[in-house]
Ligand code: NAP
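Have a look below at one chain only, the form predicted alone, in C-alpha cells format.
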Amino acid sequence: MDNRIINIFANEDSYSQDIRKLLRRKLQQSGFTVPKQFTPDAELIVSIGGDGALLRNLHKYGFPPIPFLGINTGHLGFFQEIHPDELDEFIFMYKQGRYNIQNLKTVQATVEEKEKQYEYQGLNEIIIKGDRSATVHLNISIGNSFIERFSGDGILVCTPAGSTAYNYSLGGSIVDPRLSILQITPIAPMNTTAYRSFTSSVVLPKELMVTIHPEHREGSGFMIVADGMEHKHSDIRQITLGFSQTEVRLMRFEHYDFWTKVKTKFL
C-alpha cells in the first residue's frame, strides 16, 4: 500500500481522546499513516467530537480541500457521520471505497473598513451584531435594491448546511443542502411605529449578494461571528455577503440521508 495519510483531531474531552488513540492504532494496523500534527498531504481528516469540534478544525486549518469525516462523541452531531462503536466498519468501508462525498457550500463576508479589508468564511453562518448588548441599525440591500433599515440585535446569514443550527433556533427554515440558497434571519427584530424590520427569514438565490451599511453609534462597534468565531470591528463602512467559492467536503456512507437525519435529530 502506498503511504496513505489520515489526519485525526479530537476535542479535549477524555472520551474523545481515548477514541482518537484507538482509531490511530486501528488505522496504523491497516497500513495508514497518522501524523501527530496536521499535514496538507493527507487524504482524509477525521474530527472526533461534536459539530463544534468539526467547525473549529475547519477554521483552524483554513477550510482545506481534504474530505472530513466526523465521529460523534458530542450531543447533536449533525455533521458527524459515525459513532465510536463503528470504527472497524468505517475502516473497512473506506478501504473499499464505499462512500460518497457531500459538497457543502460556504458563506463569505467581506468587511470593508476605511483602510483595510477582511474576509471571513462560515460553513453554518455569519452573524452581524453589536459588540455590546445594544440595538444595531443595519441598512440592508439585496442585489441593487435597498430593502430595509433593520433594527434589532442583529442578523444571521446562513447556508443550507447551517439552516439546522442557530438559524433553526431563531425560527428560520430547514433547507435541504442540495439547494443553492442563502437565508437571512433576523435576531430579535424591532417592529414598532418607530422601527420597521422583517420579522421572518428572507431566502435568496445563489447569484444575489447582500450588502450592509451599518450605522455607527458613539462608543460602540460591531461583531462578525463566523461559525461561532468572533471578530470585533469598530470602523466598518460596508459588509458584503454571498456564497464563497470554497466548499467543504464531508464523507458520507451508503446509509446517509439528510431528511432521515433531520427526523432523528429534531423530531
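In this text, residue numbers run from 1 along the sequence as written. Just so we're clear, the structure is a prediction, and the values are computed from it rather than from any experiment.
Unshown form predicted in complex with the ligand; subsequent notes refer to it.
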For the interface check, one of 201 to 209, 54 to 62, 236 to 244, 33 to 41 should have non-hydrogen atoms within 4.5 Å of the ligand in the model of the complex; which one? 54 to 62
With the partner left out of view, is F150 within 4.5 angstroms of the ligand in the model of the complex by any non-hydrogen atom? no
Is K116 close enough to touch the ligand in the model of the complex, meaning at least one heavy atom pair within 4.5 Å? no
Could you confirm whether G77 comes within 4.5 Å of the ligand in the model of the complex, counting heavy atoms only? yes
Heavy atom of N124 within 4.5 Å of the ligand in the model of the complex: yes
Of these, S169, N100, S145, T192, which has a heavy atom no more than 4.5 Å from the ligand in the model of the complex? S169
Taking the ligand in the model of the complex, which residues of 153 to 192 have any heavy atom within 4.5 Å of it? A161, G162, T164, A165, Y166, S169
